[in-house]
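Given next are two forms of a protein chain, the same chain in both, each as structure tokens and marked structure 1 or structure 2.
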Structure 1
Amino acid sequence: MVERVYLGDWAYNAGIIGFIEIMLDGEDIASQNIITVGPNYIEFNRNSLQGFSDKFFKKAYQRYPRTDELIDLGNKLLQKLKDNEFDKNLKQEVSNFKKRVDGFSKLKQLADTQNIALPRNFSKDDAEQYVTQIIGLLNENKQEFIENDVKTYLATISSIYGQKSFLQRSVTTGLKNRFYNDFEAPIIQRTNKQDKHHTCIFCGLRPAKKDALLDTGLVSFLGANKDNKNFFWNFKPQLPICEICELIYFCIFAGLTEFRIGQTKKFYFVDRNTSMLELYQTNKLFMEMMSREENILKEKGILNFLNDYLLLKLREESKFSLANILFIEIDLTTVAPKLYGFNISKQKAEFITSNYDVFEKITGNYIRINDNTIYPFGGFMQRFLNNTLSFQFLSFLEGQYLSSQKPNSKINTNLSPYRLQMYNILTYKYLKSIKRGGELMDEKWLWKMYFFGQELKKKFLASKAENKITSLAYRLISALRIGDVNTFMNLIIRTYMSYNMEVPALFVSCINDRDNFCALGYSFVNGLLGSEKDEKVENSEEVVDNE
């Protein structure tokens, strides 16, 4: 019997992608004959679910292959013990191995029952014997340990994934058989009892499975339970679900892309409802892109993904494709999972597309304050997507850069006046073209003002007044931060008069337009702080000279 599953909300879509991943088990979607992919649905025969339990556990184990990692680590350690002198460092590696074993509760229990232990003051022979015995235990009980790893992995993401029968604490052995008996076999053999009074609230196609509910035991942030019955009509929080949709929800984990930032693990899903194949290919590409990142979730990651994605499309088509994308981020660092979602409007998609080269140049920046590291690009993008971007953020970055230039500063950054100018240009364009809807002034004027700043800097250096540069920059930024045009202009006029220089007329022409004035003001400050060796300065000199 053929079952059809249509696209739904983002969580259901993540389940569908995970289901496809599990079912195909590495096969190419274009050449397989297990699942039929329609415009907005997938179809599969119930009989094709034969072996689903094996594939499900295999996929989950790939996310957390602790047993194989420990066997591999043990074998390498044994080789080191044979080839090297038993020194302090090697002894520490053995101790670290033991710590990993102690943290593997099921393995530790088994080792204790068989009196396998490492003496406090262990010798080389003791170490070899201990590691050999642990590897032996792992190999002899490998299947059981693998199932335990699967349970541990799914338990760690239980905020996403509930505790159904095979994940309950009371079930310590035979997890895969439990999964097979409770889910795979009844679906294939059609032995699940049906609820005569309800159809599935998701597909609306199949009768609900008797006593099966979309509750917090299945998906905690979507389901319901008796504790929140006050929110439901007639105090009945039952959300009936069919056996197929229940299986789809089990597969959410395989549809999410994982990232680890330090000790924090986050999950991402790219949702879009244009077509089933598009949804699958988009998330597949996202997974592959992120797996190639060495530092997992570099701040440039999503932008890299967008870039590669753009390469798959015609430029005009991509604008609309980006506009339909919804990124989901799931943070499991708290008891209750936090969901963050953002989508990119057509206007912002066009903005990213047309300014991609500038976006690319500001990625990779950092500001380190003692042990804390801030990534300006992430903060910039967050404000850009949340419509809260303003010159205040640029002012903050300028202040951090200036502070980093002080002797013995605790702030270390790779920001430069040139990169600050990139932030300035993007901020200005965003405010004018997206937030305010006004007319943009020519970008050349921003660079021209940058050169006026450099020209003044040369005067300071020629008169051996270098110490005045930072002081003036601080005061100019302070005036720009609060929008004090009078103070800014007073500082400019007095400084230029002291050197018998003519005040740039550009300031006067834009004095009544706050955004234009701020963009020119920050350009001037960046030029004042900038270096002549900056590659963009050389390019821009050509632009100005050719006017």
Structure 2
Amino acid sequence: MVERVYLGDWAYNAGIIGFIEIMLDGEDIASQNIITVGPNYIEFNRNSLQGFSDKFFKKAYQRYPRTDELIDLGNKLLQKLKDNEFDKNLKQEVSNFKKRVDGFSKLKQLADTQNIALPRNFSKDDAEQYVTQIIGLLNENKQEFIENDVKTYLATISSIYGQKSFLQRSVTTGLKNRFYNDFEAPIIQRTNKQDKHHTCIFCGLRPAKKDALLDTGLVSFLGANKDNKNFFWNFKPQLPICEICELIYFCIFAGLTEFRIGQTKKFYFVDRNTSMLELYQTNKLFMEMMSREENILKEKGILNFLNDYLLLKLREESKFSLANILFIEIDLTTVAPKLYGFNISKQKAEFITSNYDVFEKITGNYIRINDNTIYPFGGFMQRFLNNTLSFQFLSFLEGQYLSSQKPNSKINTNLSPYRLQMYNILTYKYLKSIKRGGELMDEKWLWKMYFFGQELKKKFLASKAENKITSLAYRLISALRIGDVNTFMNLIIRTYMSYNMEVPALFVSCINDRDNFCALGYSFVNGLLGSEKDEKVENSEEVVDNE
């Protein structure tokens, strides 16, 4: 029998996309015959759900392949133990491996029962034996471990699922079978009892499944869960949902694009309900693009990865925002999942897309103070998105840069005056065009001022007074920070007069416009400190530095 599923709200749509992903199991949507894609619906035969449990677990495992990762890590470690000398570093690697094993509770339990342990002061032989035994354990019980990984993965995003039967804590083995028996088989064999009085509230096509509980049938962040059952008639948390829609909701995870930065995991979904195929292709493209970029970014090293990722995500978000497409970010790290939909204004989206090349230039910077590393781009973007960006942040960066130039400085940074100029340009444009809505002065002026700064620098160098550059820059920045036009102008005029040079008239042209003045002022300081071209920062060097 053919079942038809129509597009619905964003979570339902994500479920449909996830369902297609799971069912197709890597097949191309254009050349398959499992699912028929209509303009605003999909169709499939109940019989084609045969093997759904396998595919479902496979998909979930792809998201969290801990068992395979550990086997892979163990094998590499064994090879290293064979090839290399058993030194401090290798010993540390073995300890790290053990830590991972200990964190894998099911594996640890099994290892304990079989008395597999690593002695406190282990030798090379001990290490080899331990790693071999662990790999053996993993391989012997692989299916069970994989199911456990799936459970762990789905449990971490339990706000999507709640306590499904197969995810209950008491169920420790045979998860897939449980899933098969509870969901797949009854649908195929049509053995689910039907509620004669209600039809499914989601599709409105099929009769509801009898006694389907809120918790097993509905995503908790859509507004209904056990805690708010007092909103329901007679406090009965039963939900009129059909078995097909329930299955669709199970698949939400596979429809979301997942992205992980360190410990934080975020999920994204692009909702456009113009057509089913378009919805599928947009999300598929987004998933592929993000995973491709993730690899590229990872190759560039974690430092750039963090910054570039932020920008990349924003660019994609902006594109969707501009096209009036709902872009949803789901944060599942909290007990109550947070949803961020369309949280970037059209103006900001335009700003990001039109200044993308400038944004790109400022990613990858770091400021290291002793052991702490700050990534200015992150702070900059945060302020940009929260509407708290001002010249204060630029002033902070300038200060850090200047401090890093001192001999024996504790601050180390790859910021350059040229990059600071990019920060300056973006800050200025943001303040003028988004925050205040004023008219922008020509960007050329900022560069003109930058070159005036360089001209003065040359004069300083020619008269062997390079030590004056930093001290002047310091004083100019502190004047700009507190908006003291008088001190700034006095310094400028005094300096130019001492070299019998013309004072750039640009300064006085916008003395009454604080934003313009600051932007020009910082441009001048950047020019004073900088060189003609951007100091290229090699990523590889950064990574080495970072390690």
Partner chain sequence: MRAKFIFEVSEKQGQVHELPIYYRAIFMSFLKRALSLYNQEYFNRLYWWEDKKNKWQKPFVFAVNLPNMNFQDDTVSFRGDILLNLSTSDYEFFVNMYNSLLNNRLYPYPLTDSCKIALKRTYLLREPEKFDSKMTFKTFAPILIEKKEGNKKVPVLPFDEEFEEVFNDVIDFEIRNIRLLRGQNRELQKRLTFRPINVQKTVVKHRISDFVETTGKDIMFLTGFSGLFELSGDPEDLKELYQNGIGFRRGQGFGFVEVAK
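All residue numbers here follow the sequence of structure 1, with the first residue given the number 1. Take the two forms, find the largest set of C-alpha atoms that superpose within 1.5 Å, and that set is the rigid core. Bear in mind that the values here come from a model prediction, so they are computed numbers and not experimental data.
Q: Structure 1 or structure 2: which matches the form predicted together with its partner chain?
A: The chain shown second - structure 2 - is the form that fits the description.
Q: Taking the rigid core as the reference frame, is the Cα of residue 102 displaced by 2 Å or more between the two structures?
A: Residue 102: C-alpha displaced by less than 2 Å between the two structures.
Q: Is there a C-alpha shift of 2 Å or more at residue 48 between the two structures once the rigid core is superposed?
A: For residue 48, whose C-alpha is compared between the two structures after core superposition, the shift is less than 2 Å.
Q: Kindly check if the Cα atom of residue 58 is displaced 2 angstroms or more between the two structures relative to the superposed rigid core.
A: No, residue 58 moves less than 2 Å.
Q: After aligning on the rigid core, report the distance the C-alpha of residue 354 travels between the two structures, in angstrom.
A: So the C-alpha of residue 354 has moved 7.7 Å between the two structures.
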